[in-house]
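Only one chain is included here, represented as structure tokens and corresponding to the form predicted on its own.
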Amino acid sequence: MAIAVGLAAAIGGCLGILVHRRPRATGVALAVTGGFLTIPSYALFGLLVPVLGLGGAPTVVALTMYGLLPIVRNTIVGLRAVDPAVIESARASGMGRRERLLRIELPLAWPVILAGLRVATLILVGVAAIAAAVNGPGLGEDIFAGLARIGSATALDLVLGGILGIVALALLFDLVYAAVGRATISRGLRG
């Protein structure tokens, strides 16, 4: 999960920064990353296994692909929401394009970008359970073990244990993102 979220954040953030001022490129980036989310999890894992084998590699690649859309979209939306007058003031004070991006635009867009990271992480917590189908790590192993034993006394316990573990993990990640938001977003931007 951490590797996939990190990769999705790096790729999606950079992609969002690169295309946010170009409408045509934005449309292409959103269409491609949105297309990734339309591929059913089983099908994507099935396509990746012949190339990457079983285990962690197809899991990381698939989760990274699924995490891109919310991060790219929110990076674009956050950067476009920065008041043009603020950007113009920074330009007039002698800031270059890179300095404006790093010191003005990204900090002002950070609440929206963080929301995209939060959504991507919560999506990936649920999708990661399917990774057990390709011997990927995670709580999905308990769910699949329980489904394989339907009719036995332990089947329901295994499935519910896996589901509750995933829900608890999602709530934990949500709390972590809320704490990160409180620590990194100024009170004036929190609304």
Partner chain sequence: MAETPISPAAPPPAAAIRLEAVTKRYRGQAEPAVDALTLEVRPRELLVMVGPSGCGKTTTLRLINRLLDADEGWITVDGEDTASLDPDALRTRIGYVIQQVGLFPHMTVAENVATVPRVLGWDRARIARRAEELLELLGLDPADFGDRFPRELSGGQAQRVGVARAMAADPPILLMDEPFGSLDPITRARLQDELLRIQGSLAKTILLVTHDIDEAIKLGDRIAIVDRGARALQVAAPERVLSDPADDYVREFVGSGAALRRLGLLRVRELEPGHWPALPRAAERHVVRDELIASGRPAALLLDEAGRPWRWVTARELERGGEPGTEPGVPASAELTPAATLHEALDAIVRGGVGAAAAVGDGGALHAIVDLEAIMAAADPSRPSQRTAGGEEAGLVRS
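On a predicted model such as this, the values are computed, not experimentally measured, just so you know. Numbering follows the first chain given and starts at 1.
Only in words, not in the display: the form predicted in complex with the partner chain, which the text now covers.
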Query raised in the report: Is there any non-hydrogen atom of residue 3 lying within 4.5 Å of the partner chain in the predicted bound form?
Result: no
Query raised in the report: Does residue 90 reach the partner chain in the predicted bound form, with heavy atoms at most 4.5 Å apart?
Result: yes
Query raised in the report: Would residue 112 count as touching the partner chain in the predicted bound form under a 4.5 Å heavy atom rule?
Result: no
Query raised in the report: Is the gap between residue 81 and the partner chain in the predicted bound form 4.5 Å or less for some heavy atom pair?
Result: no
Query raised in the report: Can you tell me which residues in 101 to 117 come within 4.5 angstroms of the partner chain in the predicted bound form, by heavy atoms?
Result: 103, 104, 107, 108
